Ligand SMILES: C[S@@+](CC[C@H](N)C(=O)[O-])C[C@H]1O[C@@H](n2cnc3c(N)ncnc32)[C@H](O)[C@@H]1O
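Quick heads-up: it's one chain on its own, the form predicted alone, in structure tokens.
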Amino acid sequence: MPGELPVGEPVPRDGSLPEGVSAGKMPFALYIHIPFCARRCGYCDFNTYTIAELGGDESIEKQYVDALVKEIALARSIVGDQQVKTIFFGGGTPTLLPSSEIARILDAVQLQFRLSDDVEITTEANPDSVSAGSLGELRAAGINRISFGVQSTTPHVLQTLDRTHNPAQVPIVVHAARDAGFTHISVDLIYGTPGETIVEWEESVRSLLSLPIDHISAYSLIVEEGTKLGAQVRRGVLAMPDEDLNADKYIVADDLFTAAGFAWYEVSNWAKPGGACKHNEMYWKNNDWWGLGAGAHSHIDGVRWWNKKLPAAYIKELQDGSSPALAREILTDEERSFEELMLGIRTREGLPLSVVAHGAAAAALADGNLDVDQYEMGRVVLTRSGRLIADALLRAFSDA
């Protein structure tokens, strides 16, 4: 099933953390999952639902926000008076909620927690889920960063991905976001969709780089089991993405991004100076975060837990005064070290050479996959060729 959750140990009904575990040792963030979508995209295995799939009662949106407000209060009772560095509304399509409901969630956060002076508050959005008016309302509510799920500007590629927006909407909403006062605007791209040529990919990249954005993400399409796209590939209706062609597309994008003033700071993310996503950096640095909402994951001081997936089940637990957590796992020192390696190796900051298997690092350096200057300073930082095989290098580096 799409988005299946791992198996872990039970969580107390009050959501309390294990003895000796506490927040405050690392910077703290909030992730807020909004599971509603106008239509499920064929490639997506996230925990998302259309209103029709949830029974057709639109009042579930308000009930869901009511539950989020309760979970925010629950989080405060467990982690205490934390300063929140970043907030990220993900989904789903958060901007399907009325802006007033987004504002209500943020009001609840500010009631329970302290926000840092430079707090980054991001929402994801589809180009057809916002207007000039709603963007102004979101900005007034406190959202200061927006990430548009564009994926492609080629119509037949969007059709294959089951995306609902018209490419012509993209420049309109990006400029509207800038006019509404958003100084940080990001766009997401996906490469490797069956039928997409390298020329079409380059045209998508160039068209987005002409817009007033300061961040861009480019992800290789992953064919997930249990999705419509996965079934189409399995039946032979669509071809599996070509890995060599995808590598070529990555190189094309990286060249164009760099020429436009964007620097890579994670394998799939590029930003202009000051434009990096602070929230994603919280994950990559293995800091603490509380995931609010159906199916959301949290991590505090080496303990990871996840909420019940179905919105109705999530809502009911909070209405009953219980934690919506389904299960949790307590990471061992070995697991925590591996996660730091797995996350850190993908970033431009890299890792200390001391935490990497030295023989594998020396081999990667000889193959041109590590930055020579950084290596000589005792750090492991991937070159572009290294970024293309980051997963393989991770396996080698962790085999100490």
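Because the structure is a prediction, the values reported are computed rather than measured. From 1 onward, residues are counted along the sequence shown.
Beyond what is shown, the protein has a form predicted in complex with the named molecule; the following relates to that form.
Of the heavy atoms in L221, some are within 4.5 Å of the named molecule in the predicted complex. Although the partner is absent here, R163 sits close enough that one of its heavy atoms falls within 4.5 Å of the named molecule in the predicted complex.
Residue contact with the named molecule in the predicted complex: Y43 places a heavy atom within 4.5 Å of it. The shortest heavy atom separation between G149 and the named molecule in the predicted complex is within 4.5 Å.
Only one of 178 to 186, 245 to 253, 86 to 94, 298 to 306 lies within 4.5 Å of the named molecule in the predicted complex by heavy atoms, and it is 86 to 94. With the partner omitted here, the residue from E137, D214, E281, E124 that has a non-hydrogen atom within 4.5 angstroms of the named molecule in the predicted complex is E124. The listed set A271, A325, L74, I190 contains one residue whose heavy atoms approach the named molecule in the predicted complex to within 4.5 Å, identified as I190.
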